[in-house]
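Only one chain is included here, represented as structure tokens and corresponding to the form predicted alone.
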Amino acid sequence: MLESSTHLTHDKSLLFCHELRTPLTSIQGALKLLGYQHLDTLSEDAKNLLTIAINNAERLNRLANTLEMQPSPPMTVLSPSKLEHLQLENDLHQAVEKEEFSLLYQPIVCLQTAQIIGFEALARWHHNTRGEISPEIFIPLAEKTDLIYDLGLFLLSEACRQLGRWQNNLSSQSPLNVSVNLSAAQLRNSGLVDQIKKILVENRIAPNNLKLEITESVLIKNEHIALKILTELRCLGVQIYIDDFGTGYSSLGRLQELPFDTLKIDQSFVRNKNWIMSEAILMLAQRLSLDVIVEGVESLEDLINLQKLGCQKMQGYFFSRPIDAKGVASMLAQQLTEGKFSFPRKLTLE
């Protein structure tokens, strides 16, 4: 029985090596052909990038050779978790090409007006055999494999496309907005601003209806370039949110110098009932003329305490879990009919 299991594992590993080698052979040939035909016309930076790509393709080919030559299951070469991770990287490339990614939307509610004012777009990956892959896994993987820029643009474009549909179908409502997360890797690309301009024009979205969320750590990793791009986006009319505020390392003394419009208080403050810190952040934002949205509101108690502190804009499971585009359309239609967002029955607005 053990021998049969060993052979089965080895056969699966050989199949994995074949799946790895097939695209690599094509990539390696294309890279070398590009080098032969255009080497004289490429800049030094482009030549260096091409050399790195060729070397990495050759390294992966050598890895496939090593795995195939092992007389025993190749677990002695790579651990099961590393093999699974490598397979997931390969699946990620295909998932981007096949557009297996989708978006869910969580409403952001204003208590003062009793209206949904926008939605945060949340990326989801439904793997064809593994089911749902957590964003905590595939986002870092996309950054590591340099897929995050293309994936991010695809998701941003999809969010704007949906926003355009909702605004057209529910034209009598106040203009909605959608917020999309940006990673540090995306903010290293100087072409990001032009790409976002193009997406806004194609979907007929006013720039001030798009909100881009970044974490405080993004500025630490890539401050000079990131600030330049964020400033250009703000000049375009796009608003910038600091996501998970209070968990990063930004200097509070520099906060007024940074190109931000809104602070999103991290859900950990609500989960831990840390109302003193929440109030301090609200007061800081007020002094700096910044808007505030509180994340992670899950109970009536949370809402009442935050409302007492003066917070009016919130999101969380108390209002709605992330829902798909059809669910959003139904929610907005109901709000249009009733003239306000349908709060839970037990909630009475002051």
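Here the structure is a predicted model, which means the values were calculated and not measured. So that there is no doubt, residue numbering starts at 1 and follows the sequence shown.
Omitted here: the form predicted in complex with a small molecule. The next part is about that form.
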4.5 Å heavy atom contact, Glu136 to the small molecule in the predicted complex: yes
Leu212: touches the small molecule in the predicted complex, heavy atom cutoff 4.5 angstroms: no
Partner proximity in the predicted complex: Glu120 to the small molecule, non-hydrogen atom cutoff 4.5 Å: yes
Glu158: touches the small molecule in the predicted complex, heavy atom cutoff 4.5 angstroms: no
The small molecule: the contacting residue among Asn189, Thr113, Thr145, Gln267 in the predicted complex [heavy atom, 4.5 Å]: Gln267
The small molecule: the contacting residue among Gln195, Ser183, Asn177, Thr262 in the predicted complex [heavy atom, 4.5 Å]: Ser183
Per-stretch contact check against the small molecule in the predicted complex, the hit in 234-242, 275-283, 128-136, 84-92 (non-hydrogen atom, 4.5 angstroms): 128-136
